[in-house]
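Just one chain follows, in the form predicted alone, and it is written as structure tokens.
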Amino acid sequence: MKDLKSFLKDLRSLYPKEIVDFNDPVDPGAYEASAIMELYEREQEYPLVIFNNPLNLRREKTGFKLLFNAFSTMEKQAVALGAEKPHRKLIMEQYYRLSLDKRPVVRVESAGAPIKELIWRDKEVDLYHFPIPRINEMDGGPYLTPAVVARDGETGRYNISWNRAMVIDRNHLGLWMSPRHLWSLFSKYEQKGEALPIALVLGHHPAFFLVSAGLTKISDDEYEVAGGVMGESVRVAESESFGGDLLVPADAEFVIEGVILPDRRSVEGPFGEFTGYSGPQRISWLVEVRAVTARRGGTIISVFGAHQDNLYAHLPIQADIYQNLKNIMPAVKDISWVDSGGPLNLIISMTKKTEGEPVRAAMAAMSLSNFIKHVIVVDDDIDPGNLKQVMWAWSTRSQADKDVNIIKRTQGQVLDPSLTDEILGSAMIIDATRPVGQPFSVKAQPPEEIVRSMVKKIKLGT
């Protein structure tokens, strides 16, 4: 059975340096946990850190735990998805392949569900009882970064999305929704004057959370997609507040049950975004909490907002872009987005056969996501995740007057702080590939076949 504990066990076994236990008391609500994470990142270290003794928002000791950096490296992503090696391309292909292997949920009795070990209902609910962090200095309050589960009452389809939630008081949250599936589902309920029941999953196997970031089709049941990505069906139980009308993950660590209220809004934010900047304060949606359930000693997973953990959590989007781009342009061999150093930059590696292909590939990629503003296209001898190689190709295989294309008046990403208009921006394509059909300097290196033959000897240390 896959849950957070099984993931941590696998991570300790395969990559023990990727995980750190912090046993001293910390006050997450006073930025202490995120400050420790910041110190690691400044040293270019990105371990998963478990805070075993965090204080709650009342600065009291609690028997719960807080975890950061579950998604911050390819090693963790590989363990989460069962990939053989922590290589970007393998992980992208693994995620996409698993996401197609949808598996129906398995219902279990509430009495046997780990998530039901502790239950708080109605007036018993007090969010200040839990270790909820303030992450970045400008944040509007303590923040949760849950996977939000909602069910379409008409179709029965389950949606899972990653949404930030700011603590307002003991039983209310300010929830931000991008105009995607959850927003569409709530809009349908609000038009009828109805509240939308939701469950905020605060801890589970990281593969469950990765599905929240994927570009899943609105026709797909995302519990079933999560079952595919996890490699086994998601076990679910009836919610405390809505019974069988909203099933919750039975093996989660923490679940908050509530409703998004119709015709009610709340001030929410600022919040540290994946771009590395604090986003603006917004008028967001209001969640009324009806119940909280948890494991004894349960762990809250917090995404380290505006840092590498936040960016790498978007890997499923990269995987979907990669597969869709390959379907359009089979010459594409690899891409790098979340691990390319720029949250709005994409690097494409391709086997170019004719001139103009790189620009077409770049434009196709930009059409797939407004997260992409700049595209650099390189040859297939360049690793798009190796920025030294990419910069070398750019500096030696392109001329600014003919290989740089500026595209004006494009739809931008609202979180891009360089935009001077709310959504209108520009884009750039750099063709850093060698020309076709004319002489070009040869890359200086030993014969490739000899290099490949030495790999085994190096690994054996002979």
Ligand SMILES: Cc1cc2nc3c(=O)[nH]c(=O)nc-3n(C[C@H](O)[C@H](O)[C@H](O)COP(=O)(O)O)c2cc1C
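Everything numeric in this text was worked out from a predicted model, so none of it was measured. Start at 1 with the first residue shown and count on from there.
Below, we turn to the form predicted together with this ligand, even though it does not appear here.
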Since only the chain is shown here, I'm wondering whether R235 would be in contact with this ligand in the predicted bound form (any heavy atom pair within 4.5 Å).
no
Using the partner position in the predicted bound form, report whether N136 sits within 4.5 Å of this ligand, counting heavy atoms only.
no
Does the 4.5 Å heavy atom contact test between N159 and this ligand in the predicted bound form come out positive?
yes
How about Q191: is it within 4.5 Å of this ligand in the predicted bound form, going by heavy atoms?
no
Just to confirm the contact call: exactly one of 196-204, 175-183, 98-106, 255-263 touches this ligand in the predicted bound form at a 4.5 Å heavy atom cutoff, so which is it?
175-183
By the heavy atom within 4.5 Å rule, which residue out of V303, M92, M350, V289 makes contact with this ligand in the predicted bound form?
V303
Scan T299, S336, N171, N310 and let me know which has any heavy atom within 4.5 Å of this ligand in the predicted bound form.
N310
Scan 199-218 and write down, in order along the chain, each residue with a heavy atom lying within 4.5 Å of this ligand in the predicted bound form.
S212, A213, G214, L215
